[in-house]
Ligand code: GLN
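Presented below, as structure tokens, is a lone chain in the form predicted alone.
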Amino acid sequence: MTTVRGFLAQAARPAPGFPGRCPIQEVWTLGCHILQCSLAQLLASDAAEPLHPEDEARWRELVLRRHNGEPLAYLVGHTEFWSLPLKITPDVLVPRPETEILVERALSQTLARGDRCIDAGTGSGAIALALKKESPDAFVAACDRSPKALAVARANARTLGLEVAFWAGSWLDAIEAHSCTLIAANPPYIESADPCLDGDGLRYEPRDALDGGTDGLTAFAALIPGAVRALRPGGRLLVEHGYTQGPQLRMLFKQADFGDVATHNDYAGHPRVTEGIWHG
């Protein structure tokens, strides 16, 4: 019978049954998921500790699926964003570290009681929940047109004990005019013809949350005018976008009469978030 340590030793040196594109750290993560143990317990397992054949088969299956490009978060059912543990299913995008710059910029001005913040196209709820965690007195709401995504977001809010209002809707259609202090969104922005949509990872994620149309800007054509209608004077709009789209987004913001328009780099140094202030 294979032992836990024997399995880990095999996985550490790629061999038949252990594809080399699944890093050993991810093999560990998958093992903790299968065996329901901590990383410390996994790595300290006794040399003779047996690995049940069903657990071994399941572990090998997940390693192979990860090797084939399936996101780790889908395999284990969770990930972390802004230090929040989030349930993740294939019905939502996997939150990326670069999206944290959107949250950081949103929080660059204090959000207090009376402020109304909207996460448009919330997916897993990551942005809205991060905002609520850091600004508990502000009213935070989030929408998505996918009922399955909303179910994931609501489950995350319940688990975390964070009070966020959710509703089904397309972008800002249901928002009362001149009611919002802050609108944040991570819309689909990849061009439809970009081959990356069919590459590792992305091909497993919801296509309509990634595909931004022919030029990658379709969602922004709805978001920006919607924000003009929904924001209070002095309110802010922040959007995530592709690293080459900053100049186009700044132009669209300025054409809609947003002021103080700026693009901010993510933690890897790529232009990632554009924001502007609606002066009314």
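Note that residue numbering begins at 1 and tracks the sequence as displayed. Bear in mind the structure is a predicted one, so any value in this text is a computation, not a measurement.
Another form, the form predicted in complex with glutamine, is not on view; read the next lines as being about it.
Enquirer: Can you pick the stretch from 156 to 164, 130 to 138, 182 to 190, 73 to 81 whose heavy atoms fall within 4.5 Å of glutamine in the predicted bound form?
Expert: Going by heavy atoms within 4.5 Å, the stretch is 182 to 190.
Enquirer: Just give me the single entry in 202, 101, 152, 175 that has a non-hydrogen atom within 4.5 angstroms of glutamine in the predicted bound form.
Expert: The option sitting close enough to the partner is 202.
Enquirer: Could you confirm whether residue 111 comes within 4.5 Å of glutamine in the predicted bound form, counting heavy atoms only?
Expert: Residue 111: no, not in contact with glutamine in the predicted bound form.
Enquirer: Answer with yes or no whether residue 240 is in contact with glutamine in the predicted bound form, where contact means some heavy atom within 4.5 Å.
Expert: Flag for residue 240 set to yes.
Enquirer: Who in 79 to 99 is close to glutamine in the predicted bound form, meaning a heavy atom within 4.5 Å?
Expert: 93, 96, 98 sit within 4.5 Å of the partner.
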